[in-house]
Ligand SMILES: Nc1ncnc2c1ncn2[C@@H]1O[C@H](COP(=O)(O)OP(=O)(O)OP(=O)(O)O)[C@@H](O)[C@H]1O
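Given as structure tokens, the chain that follows is alone and in the form predicted alone.
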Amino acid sequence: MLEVRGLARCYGDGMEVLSDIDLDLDAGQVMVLVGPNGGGKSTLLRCLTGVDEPTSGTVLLDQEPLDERTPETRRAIAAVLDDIDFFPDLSVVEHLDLMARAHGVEDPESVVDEALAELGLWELSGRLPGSLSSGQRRRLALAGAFVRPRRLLVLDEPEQRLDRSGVEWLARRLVREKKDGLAVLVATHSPSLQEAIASGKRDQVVEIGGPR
């Protein structure tokens, strides 16, 4: 599903963040990116979702160059990256309802209700994002990914600002996504989350920014 060859990312001052990255990820697989802060994990995820553009190399989705502007890519990839953004004037439930309807989800009300219940957002459904705590906003961001169509789920340190029970729920949910045939790509600093979701024979743990 996702094929990366020779990906590099440099910034204007010549600083090289990523160099010669090769990755392959298919349906029903989990890939966990690990490595030190500042090693380039977030930059890599941004390049792999079309948010950022590699300096060189190729990123193919279904054997075609990835273009995040196309409807095919938007239907295929759901991502929660490090720059979480919300519609400030929409309540929690309105935000999720818009996300579901904009992506053509069948029966959006049921999908949104399920996400609200699963992520413990029922009591917050009428509140605006700006009134939520950081942990509540993280749960809303994850809910936004789960109410839209996807074949590839991309998460950047999703365990941040979740309590222990929240991380345990997240692990179960990501394993379920894998069993449902999705490709799952996660950058994390949590050994327990890594161990829980990347335990299959086909799963991969890839170090980014470590010793070469």
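As the structure is a prediction and not an experimental result, all values here were calculated from the model. Heads up: residue numbers just count along the shown sequence, starting at 1.
This next part talks about the form predicted in complex with this ligand, which is not shown.
Taking non-hydrogen atoms only, residue 57 never approaches this ligand to within 4.5 angstroms in the model of the complex. Looking at residue 17, you'd find a heavy atom of it within 4.5 angstroms of this ligand in the model of the complex. The closest heavy atom approach of residue 158 to this ligand in the model of the complex falls outside 4.5 Å. Contact between residue 37 and this ligand in the model of the complex is found at the 4.5 Å heavy atom cutoff. The partner is not drawn, yet in the model of the complex one stretch among 42 to 50, 167 to 175, 64 to 72, 22 to 30 has residues with heavy atoms inside 4.5 Å of this ligand: 42 to 50. Within 4.5 angstroms of this ligand in the model of the complex, the stretch 168 to 204 places a non-hydrogen atom from 189 alone.
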